[in-house]
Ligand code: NAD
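The chain below stands alone and is given in structure tokens; this is the form predicted alone.
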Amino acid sequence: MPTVRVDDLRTLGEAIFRAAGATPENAAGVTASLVGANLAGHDSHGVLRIPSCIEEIKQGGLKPAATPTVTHETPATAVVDGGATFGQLGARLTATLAAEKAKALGLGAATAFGCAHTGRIGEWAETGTQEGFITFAAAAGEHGPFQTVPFGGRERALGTNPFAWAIPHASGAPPILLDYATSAVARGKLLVARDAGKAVPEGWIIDRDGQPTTDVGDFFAGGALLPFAGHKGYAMSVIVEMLAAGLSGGQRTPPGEHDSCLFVACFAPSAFGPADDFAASVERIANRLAEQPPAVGFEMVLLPGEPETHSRREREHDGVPLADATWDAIMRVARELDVTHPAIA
């Protein structure tokens, strides 16, 4: 398993995307999000996705030089057309617009449609907290491909439909972050397990006959993801899709085209009362939890978002570990595009 320096991973990713037709700005934007996901420890949304992005470009579905545009706007809201380019670009514009609206009014929201995969959903919630806002983000696809069974069902009918909440913490500290899929696991984590040749935990997937399995190959052979926490995850998935796909107007995207949708809402604590009171409340709660004695087998009680913070600190220093199969796939794409880089052996 190679470990790649962060700077090498960034420059290599940007070079690959530029060679595939992306503008320098688009290449830098999507690479920043992919490497950022690896740094946060979410390898399922990291550079593992470079080969699939390049394949989509080759097939004509992903437009590497396109630019997301705003199609509708009010003082409090906005709608973004992702333009079938890298979904992270449309998502970044959506999150930025939601924050801009909240700056003016205390509350702001934006949606996006027509995006490719929008990446790690927590990134777009974190974007709002950089401006001091409580931020909610949710993503779903209008037409699929569906990968998750509804509670009580046995065939795919929902996406992984992730959502995130982020709350600003002390000045300069990372936000309190909730970030997960409403399926038992993100599909990308199955790709990571497949590349690593590992089984997955019970409760993640079923096979094509609807039977529980830990063989990740069963998912790719027609199986499906389960919702997390049974009926609770299923219900949350339904709400996420209605918010992201419904509010964005994703139904206007024809089947077969990129149709990932996003909803981002920002709330200024000062719109409800003194901002200092809210910050003090966050600190009291965070300190109470952090001061709890750890259970057997644990070193400490972590706040939501702290695992990502620890991962960033470690990987920025030591580099990003990648499965052999993941690195080999990136290398094949680089060589096909005649990309040269010192990181390529």
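Keep in mind that this is a model prediction, so the values were computed, not measured. Residues carry their position along the shown sequence, with the first being 1.
Keep in mind that the form predicted in complex with the named molecule is not shown, yet the notes after this line are about it.
Visitor: Name the stretch, out of 175 to 183, 148 to 156, 205 to 213, 264 to 272, where some heavy atom lies within 4.5 Å of the named molecule in the predicted complex.
Guide: Among the candidates, contact is made by 175 to 183.
Visitor: I'd like to check something about residue 118: if you look in the predicted complex, is any of its heavy atoms closer than or equal to 4.5 Å to a heavy atom of the named molecule?
Guide: Yes, residue 118 lies within 4.5 Å of the named molecule in the predicted complex.
Visitor: Might residue 282 be said to contact the named molecule in the predicted complex, defining contact as any heavy atom within 4.5 Å?
Guide: Outside the cut-off, so no.
Visitor: Taking heavy atoms only, is residue 51 within 4.5 angstroms of the named molecule in the predicted complex?
Guide: Result no; residue 51 lies far from the named molecule in the predicted complex.
Visitor: Given that the named molecule is not shown alongside this chain, does residue 162 nevertheless sit within 4.5 Å of it in the predicted complex, heavy atom to heavy atom?
Guide: Answer yes; at least one heavy atom of residue 162 falls within 4.5 Å of the named molecule in the predicted complex.
Visitor: Have a look at 92, 258, 189, 101 for me and say which one sits with a heavy atom within 4.5 Å of the named molecule in the predicted complex.
Guide: By the 4.5 Å heavy-atom cutoff, the listed residue in contact is 189.
Visitor: Work out which of 305, 36, 64, 29 lies within 4.5 Å of the named molecule in the predicted complex, going by heavy atoms.
Guide: So the residue touching the named molecule in the predicted complex, by this definition, is 305.
Visitor: Do any residues of 46 to 66 have a non-hydrogen atom within 4.5 angstroms of the named molecule in the predicted complex? If so, which ones, in sequence order?
Guide: None of them.
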